Structures are given as structure tokens and as C-alpha cells.
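What follows is a single chain, given as C-alpha cells, in the form predicted alone.
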């Protein structure tokens, strides 16, 4: 029996109750959907989204609300169309990001993570993360996410870590993972390396110094321009572009003006003629290009590379500069070098690399790190990781909803460098590599194998050295969090409680996430997914923009324009927030949202409620099941409903959710409420066949509208449906 709707819609009283109803039904799981067929392919067809795992280190922000809304729209729509839908939720331990957040927490409390014993700090961050993870999952429920919580995964689950370790070992055996001393990006504040993607560039104004390096045998000098005179004590050579005016000095020897050591002058076309003088000082341990040039000219360069800046950003082994911070050392070096200036220093604006989290200037260092070869073929044969991904995109095995991102993706892949995957932090998945100090004594008969026992051992458990009695210790570095999350689609489906999931749902159908992590995450998922499984991890990529305020400003706490999604949901209802995030938001564009916009869609939720209340009151419990003689106007109304449903379906399938939302808004309010309802009132009062026809039309349009609106505004539509059918039917699984 139909239950009467209260006079007003109250989201606070409705949303928790409705979500509990959904969750108890079991319909979030593809295994429990109402169907006479088996839950796996070929019939009915599966549809799967793996939720981008939010960082479990704080409350959800409005960007999270956007991805939850967009993915939930897709899942609810496909579920209502009869697909076996799986939306698998999860959370990311978020390595470096979480350690930074935890350190800020400690600093606010007057403490610091430096000095806390490793195991104690790990336990503290684990407790902090699990607490946030629980809160985050509660918030995702508040946003209406119809994901399958029975399959929820965490990047630190033991079975997930096992998959990550297996992939690492596969890459290592394939010759794609190596450990080497190479230039890396070092954050002095956070005391860890960062990948090329974890640095950003800021324009800074420094001084450009023009320094003369004497060439005794020629009774002349060569002029070098540099912004970093403090690193001159680490110079071991000078490179000259063969087209520069200094080409006559190639093959000669200059003198380091601060250390007096001899510097070979070598020829190299990588020296930029548009910068400085056409001659470049070579400091391999403090500049990536210098390192590459040194590697090319090793045989010509007698001096060995040295480091003069330590992990804390202080000079070491640099004479009178020792112990000074970089800025202080630069000023002092300039004073010492003044007699060698070819001319006065000039102001120089340039792009400086800084840590993306704290803004500290990155210090290039040469350290022993773990790297993945991105552009070389594996030993086992086949394509490089880069070529696997590029070919998949070019062959349309992976399609971008927004074409501009495909072009950006392919351009970025051209310049791909090896990926540094090791981090010097506590919080993360330990790299499964074991080693011991080279000071070992071989067992009798193993003298020739002494070199082998000093190599790294790749293993998930502590191995025993077969050549000597030295104790193995594990590498203290942890994985870059993007290495583990880059395996998320296949790692999750390989490790759910249902062993059929990987075969049933992989490759997944769509990856929906922010455009800002296209290279951090999406590109790496494609590469690792193809390498590990031979298949793309997803068939379609939908990238949403960054949420902005009404003035199109990026939201930030410092600007005071951040919208708390749970706060506005509490005030205006989750459905209003969801509609405000979708309407006017095309794929790839930065959506604009304001409290006024959310208020407007709260009014729309109230309109849906009031119209439904009117129709239910006027039509009663039962609609005639016999043949109804519809008027021409009612037939036109039903045809219009069919047309709008066809149009909305087409928009949703084309990922044009903003168009679908806007069409539904205008149809329900301006066509159904303003015109059809108003025109039907007098007919309903007359009774007879005229009223019967109007009643049938109104109920049909109402039910059809509620179905179409449900993926966008699930709470208010489900509550109305429950009243409409006395709790005997659930809109979430009604046929579209």
C-alpha cells in the first residue's frame, strides 16, 4: 500500500535510513543482484569501476565528492540497465603524502617525526591512517556511493602487498628494475628523493655569475656562466658546444678557480648556446645534465665526481664554504670568486624545481636508488613499458573521453625517463631487497663467488647467504606510493574474496579520476597493467577537472573558499550537492560550484518531492490495469517522456552527464511540473475516463522521471519510490 509523503522533504531524516536500506539489501554486490541468470559473463554483461583509492590521511574534500558522484551515476545507471555492476572501493596509504600530513600534525603539537624510532613512528602513522580510513569510508557512504563494501581493499592489505612484490620481482628478473647511483631530486625538508612528477617549477630571480677559468698552456681563459657558484668546488670538467666561440679550447685543460685542480675541456652539443656563454661547468653530483655529459666523456675526464652539498642542504668538503647553507655559501663563493669575474653578475629569471608539498628548492644529488626502465625492452621479449601504453592508446584499446588528454598523454610519453621508485621515508611498503656489507669472508670453496654474495637479493622473505656467514638486512627504502597504486586495478580484482572476480571484471570498463594525476597514476596503471596481465586495466578514461569557486578560483584553505562536502550535504542534502557538481560540468573542464548553486538544487529536490506528493495524492494506490483510452494530449506527453529518456540515456552513455542532468532538471520542472501537472488538475477533478487517462499519464511520467533522476539524486528518488510502493520495491534495481 502506498504511504503518503510528508508535507516536506527532510534529507537529514532520510539519507542515513535510505543508505542503510541499500546496504542491507546486498544489491551493491554483483553477486546479489535480482536476476534469473548467473552472476558472471557472458550473460548478463558485467560493468566494473575500480574506485580511485582516496588518501587515508584526512577528511574528504569537494574533489572527492565529484568523483563519487560521477562514478555513482555510471554504476547506478548500468545497474538499472541490467548489468552485473561492480564498483570496488578502497583506500590508499599514500606513503609520502601521509607522512607529510602526519608530520604537520606533530609540528602543530610542538613535536617532529625526526628522532622517533622507526617502528614506533610506523605504528603511530598506521593508527592515524586507519582512524582516518574509517572516517573516510563513512563520508563516502554519506555521499551516496553504491559501491560493494564487501570487496573493499587497502593498499597495505597483505594480499595487495604480495601482488606488488610479485610485480617488482618480475620486473627485476626482466631487467627492467635496477639499482644505481644516478641523479635524483632530493627534498632537504622531507629528507627523501622525489620522482620527476613530484616536483614543480617556480620562477625565481637569481644572479648569473660569469666566471673565468684560466687555461695556463694557452695563456688565456674560458668564460662560464652559472647561477650556482657554491658548487664550483665540485667542478671536474668544462663542456663546450662545438659551435661556440670557445671551440678552440676543446681538448685543453682549465683550472678550477676554487680548488686549483685541472679540468678537461670536452666537446658536447648538449651545451645550450642560448644560455650563458656556450661553455658549461660540469658538476655531475649536483646537476642531471652534467651527470649525463660526464657519463659520455668519462675517458676524457681524469677527475672523479664529488658531492659538496649534503642531505641537509649544507656544504661539506668545500674549504671555507664548509658547514654553510646553500644560500650563505653562494654569497661567500661570489666574494671569493670576484677576482675571476669576467663581468658583474646579472639578474636572471629562471624556472627552479621545488618540492610539490613544501616548496623547498630541490637539491639534485647522486644517490644509490631503485629505478624502473621505462623505454627499454624486457629480457623476456616484447615492448618497453612506454611502448606498451602508447600502442594501447593509439590502437584505441584505451580511449580518452576528452581527446585533448590523449594528445597530452602521447606528448608526455615521448620524453619519459627512468622512474625512481625508492623513497627514504618510514611510511610505505618496504622494498623487498636484502643485502649485507661487502666485508664478508667466503665459505671454503666459494672464494670465486665472493662478488655474488655482495649483490642485492630480491625476495619477499629474509634469505640466507649461500656464499658467506654475513647477516642480511633489508633495504630501508620504501616504494613510491604510485608504484603500488599503479597496480590497483589488477591487484584488487586478483585479491577479492571471490576468486572469479579477475576473470569476470578485468579489464575494467572505465577509470574516472582527476586530470592532474594523468601521469602520476593513470599512465602508470596502463603500463604496469599491460606488463603484468597482457591487457589494458580499463577501456575508457574519464578525467574530471579541479573544482573551483564561483569566481573560478582554485579552492584552497588559505583563500577561505573551500566547500566542505559533508557540511553542505548536512545543510542542503546530498542530492543537491551531487547535482551542483554535475550540472554545467563537461568532462575535462574545471567545475564551478558555490553555496548558491547547491541551494538552487535543494529547491529542485523539494520540487521533486512536492510534485510526487501531488501525484500520489491525486492518483491513489491503484492505477487501472485494463485498457485505458488515452487522450491525444496524454499520448503526446508519454511520447515526450520516451524521447527525453532516449536523449538522457544517450548522454549518459556518451559520458555527457552535465547535459543529462540539465535536461532532466528542465524537463521535470518546466515541462512536467509547470505544464503537464497544471493542465491535468482540472481533468483530475472531473473524474471518468478523462481523469483515468490523466492519472495514468501522470503516474507513468512520475515513475519514468524518478528512474532517470535516480543516478543523479538517489536519496530523494528512492524515498519517494519506497512510499510509492509501500517499501515492496527498490528503485536502485528497477529496470531503466
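These numbers come from a predicted model, not from an experiment. Residue numbers count along the first chain shown, from 1.
Another form exists, predicted together with the RNA; not displayed. Remarks below refer to it.
Trainee: For the interface check, one of 655 to 663, 474 to 482, 522 to 530, 126 to 134 should have non-hydrogen atoms within 4.5 Å of the RNA in the predicted bound form; which one?
Mentor: Of the stretches listed, the one contacting the partner is 655 to 663.
Trainee: Indicate whether the RNA has at least one heavy atom within 4.5 Å of a heavy atom of residue 165 in the predicted bound form.
Mentor: Outside the cut-off, so no.
Trainee: Report whether the minimum heavy atom distance between residue 589 and the RNA in the predicted bound form is within 4.5 Å.
Mentor: Close contact exists here: in the predicted bound form, residue 589 approaches the RNA to within 4.5 Å, heavy atoms only.
Trainee: Counting only non-hydrogen atoms and a 4.5 angstroms cut-off, does residue 411 reach the RNA in the predicted bound form?
Mentor: Although the RNA is absent here, residue 411 would touch it in the predicted bound form, with heavy atoms inside 4.5 Å.
Trainee: Is there a heavy atom of residue 670 lying 4.5 Å or less from a heavy atom of the RNA in the predicted bound form?
Mentor: Within the cut-off, so yes.
Trainee: Taking 7, 271 and 415 as a possible spot, do all three reach the RNA in the predicted bound form with a heavy atom inside 4.5 Å?
Mentor: Per the other structure, all of 7, 271 and 415 touch the RNA.
Trainee: Considering the RNA in the predicted bound form, which of 227, 498, 420, 103 comes within 4.5 Å of it through any heavy atom?
Mentor: It is 227 that has a heavy atom within 4.5 Å of the partner.
Trainee: Taking 4.5 Å between heavy atoms as the contact cutoff, choose which of 122, 348, 356, 341 touches the RNA in the predicted bound form.
Mentor: Answer to the contact question: 348.
Trainee: Would you give me the residues of 605 to 620 that have any heavy atom within 4.5 Å of the RNA in the predicted bound form, in order from first to last?
Mentor: Residues within 4.5 Å: 606, 607, 610, 611, 613, 614, 617, 618.
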